[in-house]
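Form predicted alone, single chain, as structure tokens, below.
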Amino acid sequence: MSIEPTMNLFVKKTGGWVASQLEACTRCGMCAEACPYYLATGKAEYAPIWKVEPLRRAYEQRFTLIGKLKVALGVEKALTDADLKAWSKVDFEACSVCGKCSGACPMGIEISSLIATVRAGITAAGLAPAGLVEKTEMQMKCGSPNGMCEDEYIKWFDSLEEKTGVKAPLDVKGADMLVVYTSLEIKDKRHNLYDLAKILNAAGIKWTISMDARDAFNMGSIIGNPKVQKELAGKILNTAKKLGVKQILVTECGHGFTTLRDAVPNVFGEELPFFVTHIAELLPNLIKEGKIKVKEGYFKNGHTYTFHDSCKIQRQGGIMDEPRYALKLLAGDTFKEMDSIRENGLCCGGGGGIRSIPEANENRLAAFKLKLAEVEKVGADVVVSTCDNCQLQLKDGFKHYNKAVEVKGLIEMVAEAMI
């Protein structure tokens, strides 16, 4: 454990863009009013701009005269290992890197990107939460952060033929689409494989899956380890190239989707020879284009539906209209919108790896209560989400607060309503 790897990383990252971001902050506090953890707990140290403080200090103390004077005069101390350990609890246990703080900043500061840099520094110092370190090591070892190794995926893919009579299209060269699942699905939503096969086959899409690129989950993105991020993303990138697919479809992973779509071109320094899409975008477009047909109003069944905007897929990914088109078609006027939606949607409280940190349970359930209040206000008893992790957090939250609210994914709804 040493401060030096952190300082080296901060110095490396502090170019003109980071410097301008740090200098632009006016300490107005508007980012705090956007943070679910700050709002739920009232703890000042959970304000997003405070989570960036280690990076600000490192920048000031290394690159500015006033920062050097502060240290010399004892006004401000240099960062220590103890400081990083304290900030690890703040930046990992009270932040899902949801990005809402960035949208609220009147100065346009990308606060969530800066927090991600602080996380990377904490990880470099060996101070990342044990739960995330364990899952990262597990994914590097067997391909899945939840310990679902290749044999488990083989059984799952083979079960497609048992359940539907359709043989799993494994490593099909020249396929239109490479479908990438997550270990959360093999554990809790095995039907997604069968439902999506039904939909893609009905749409006439030539698709494939691969053992080499089976999991979209990327613990490198979560924990802030660029080397791990690149290695895990590279497996999917190289498989897609080898198979010659035109697109990659991410099923229900939020950060896996944005990592592949937004980060990979920069990480590898190349333009992707395919495009990356998400089921939240694909399924509604298949309906619009007439490639699959669903029964309108199929879910007008006495329930009230609402939609949870996932931070990575909707706020960051921009896929907001498409799932709403499908839900309005399927649920009609029983689909109701919450108060905070689209780019202003409230985080469920379970992203950014926080569900894998037991010490953060109190924070994430406190943050979820804000989302619960909006669900109850609109009178919904079914919440639809296009992210696996969000769905698990929603289920955890409703169970914790003893609320009889069902959680559904878009894949299962479209497959059920297909004509």
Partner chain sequence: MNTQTMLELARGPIFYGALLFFIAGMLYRLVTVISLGWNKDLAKPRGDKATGVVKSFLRGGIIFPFFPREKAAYARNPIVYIAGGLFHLSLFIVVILGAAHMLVWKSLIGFGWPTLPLPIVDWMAAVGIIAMVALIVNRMVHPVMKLLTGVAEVLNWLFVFLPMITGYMMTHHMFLPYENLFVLHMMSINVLLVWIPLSRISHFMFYFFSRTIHGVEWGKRNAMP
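The model shown is predicted, which means the values in this text are computed figures rather than measured ones. Numbering follows the first chain given and starts at 1. Basically, rigid core = biggest C-alpha set you can superpose within 1.5 Å across the two forms.
The same protein has a further form, the form predicted in complex with the partner chain, not shown here; the description that follows concerns it.
**Q.** Site test, R190, L196 and D215 vs the partner chain in the predicted bound form, non-hydrogen atom cutoff 4.5 Å
**A.** Judged in the predicted bound form, none of R190, L196 and D215 sits within 4.5 Å of the partner chain.
Q) Is P358 one of the residues lying within 4.5 Å of the partner chain in the predicted bound form, judged by heavy atom distances? A) P358 lies outside the contact set for the partner chain.
Q | Non-hydrogen atom contact P145 with the partner chain in the predicted bound form at 4.5 angstroms | A | Although the partner chain is absent here, P145 would stay clear of it in the predicted bound form, with no heavy atoms inside 4.5 Å.
Q. Can you check whether E33 is within 4.5 Å of the partner chain in the predicted bound form, heavy atom basis?
A. E33: yes, in contact with the partner chain in the predicted bound form.
Q. Is there a non-hydrogen atom of C25 within 4.5 angstroms of a non-hydrogen atom of the partner chain in the predicted bound form?
A. Yes - in the predicted bound form, heavy atoms of C25 and the partner chain come within 4.5 Å of each other.
**Q.** Residue (of Y298, W207, W156, F274) lying close to the partner chain in the predicted bound form, criterion heavy atoms within 4.5 Å
**A.** Contact with the partner chain in the predicted bound form is made by F274 alone.
Q | Listed residue that, although the partner chain is not shown, lies within 4.5 Å of it in the predicted bound form (heavy atoms), from T306, S183, S221, Q316 | A | By the 4.5 Å heavy-atom cutoff, the listed residue in contact is Q316.
Q: Sort through 248-256, 196-204, 135-143, 266-274 and report the only stretch with a non-hydrogen atom within 4.5 Å of the partner chain in the predicted bound form.
A: Going through the listed ranges, the match is 266-274.
Q: Could you list which residues of 31-67 come within 4.5 Å of the partner chain in the predicted bound form, counting heavy atoms only?
A: The stretch touches the partner through A32, E33, A34, Y38, L39, A44, E45, A47, I49, W50, R56, Y59, E60, F63, T64, L65, I66.
Q) Does V166 count as moved between the shown form and the other one, where moved means a C-alpha shift of 2 angstroms or more after fitting the rigid core? A) No: V166 shifts by under 2 Å between the shown form and the other one.
Q | A130 C-alpha shift between the shown form and the other one of 2 Å or more, rigid core reference | A | No; A130 is a residue whose C-alpha shifts by less than 2 Å between the shown form and the other one when the cores are overlaid.
Q. Does I154 count as moved between the shown form and the other one, where moved means a C-alpha shift of 2 angstroms or more after fitting the rigid core?
A. After core superposition, the C-alpha of I154 moves less than 2 Å between the shown form and the other one.
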